[in-house]
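In structure tokens, the next block holds one chain alone, the form predicted alone.
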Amino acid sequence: MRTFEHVNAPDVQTAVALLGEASTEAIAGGTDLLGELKARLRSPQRLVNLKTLAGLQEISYSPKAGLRLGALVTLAEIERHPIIQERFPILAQAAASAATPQLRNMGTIGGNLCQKPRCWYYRNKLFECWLKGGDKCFAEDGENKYHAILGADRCHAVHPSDLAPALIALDATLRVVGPDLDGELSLEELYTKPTESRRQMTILGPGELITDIRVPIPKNGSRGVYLKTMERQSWSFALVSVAAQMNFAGERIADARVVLGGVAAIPWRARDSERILIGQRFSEGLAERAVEAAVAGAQPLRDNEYKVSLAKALVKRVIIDLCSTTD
């Protein structure tokens, strides 16, 4: 690891100003960044410590405003918080499924939402992959067991966050402070598929910082669940995950959000599945139509066609689980 300067940020405005300078990176929990530094994927001359920022480590809740999570709240705090467990169980489930207990104690929600892909070609300095500025996605013809099946173009890496699908299912918003982006946007808007001119998976630019995440209170009759399949029994990144939040009016599905993880460069909103479900009573036929819609257009690579079957199985399970627990 190369030497670098470590600076404590006294306030958000100073942090934003420092992060706008060349060769400067933010560090909070460091669970993602330190691995990239050790691998020499990034070699900043300065790290700006965000953990000195007041107010970004707080969780607050009110029956009117909903849930507020400072960007420095750890995954372990989210997993254990009694109000989150009671009112936003899908979020607690997602946090509990992420990484190891040690990493959950260090990793922050802001970092988790913005972490870089785990693609081994991206993480290996010997491969100048397309996402790092090269000409080729080596996963297309290489080892692609863990790569994207939906929406891939020049890059086949998948977004690794567990919390992002759950928060999108909950219609979360976030506050960004920075020179260009400054204000509130939906969490779904944060993510973008990489393009030739913007080879990254979020819209954040230099000096743009997430300060907090806000989650509205789910409507009465609303239920949510987060399911994840992993290669190991625990503490691994998702092969496929599904976050679903549904609101019920009697026996009908009044509203639905279904978001897949581990299948695309962004958390993948299954909008066609949602349209099929909304306004309907549960039936096996309805579930099957929603399942097929969730993976419509999938283009698996040589080694990851299994993800199509996994995604279908998880989507069907969450639909049945949520519909079978209605009052």
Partner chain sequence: MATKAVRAKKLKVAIRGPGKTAIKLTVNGETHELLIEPRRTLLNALRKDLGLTGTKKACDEGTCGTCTVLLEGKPIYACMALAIECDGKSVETIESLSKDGQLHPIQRAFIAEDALQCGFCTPGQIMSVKALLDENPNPTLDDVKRVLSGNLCRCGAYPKLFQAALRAADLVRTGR
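Just so we're clear, the structure is a prediction, and the values are computed from it rather than from any experiment. Numbering follows the first chain given and starts at 1.
Just so you know, the form predicted together with its partner chain exists too; it's not on screen, but the next bit is about it.
Looking at M106, L239, L227, V73, which is the one with a non-hydrogen atom within 4.5 Å of its partner chain in the model of the complex? Exactly one residue meets the criterion: M106.
Suppose contact means a heavy atom within 4.5 Å; in the model of the complex, does that hold for all of T3, L34 and K38 with its partner chain? Yes: T3, L34 and K38 each sit within 4.5 Å of its partner chain in the model of the complex.
Flag A293 as yes or no: does it have a non-hydrogen atom within 4.5 angstroms of any non-hydrogen atom of its partner chain in the model of the complex? Outside the cut-off, so no.
Using a 4.5 Å heavy atom cut-off, state whether E79 contacts its partner chain in the model of the complex. Residue-level check for E79: yes, a contact with its partner chain.
Using the partner position in the model of the complex, report whether S309 sits within 4.5 Å of its partner chain, counting heavy atoms only. S309: no, not in contact with its partner chain in the model of the complex.
With heavy atoms only and a cut-off of 4.5 Å, decide whether V12 touches its partner chain in the model of the complex. No, V12 sits far enough from its partner chain in the model of the complex that none of its heavy atoms falls within 4.5 Å.
Please determine, with the chain shown alone, which of 266-274, 297-305, 25-33, 65-73 has non-hydrogen atoms within 4.5 Å of its partner chain in the model of the complex. Result for this chain: 25-33.
If you look in the model of the complex, which residues in 42-56 sit within 4.5 Å of its partner chain (heavy atoms)? Contacts from 42-56: Q45, R46, L47, N49, K51.
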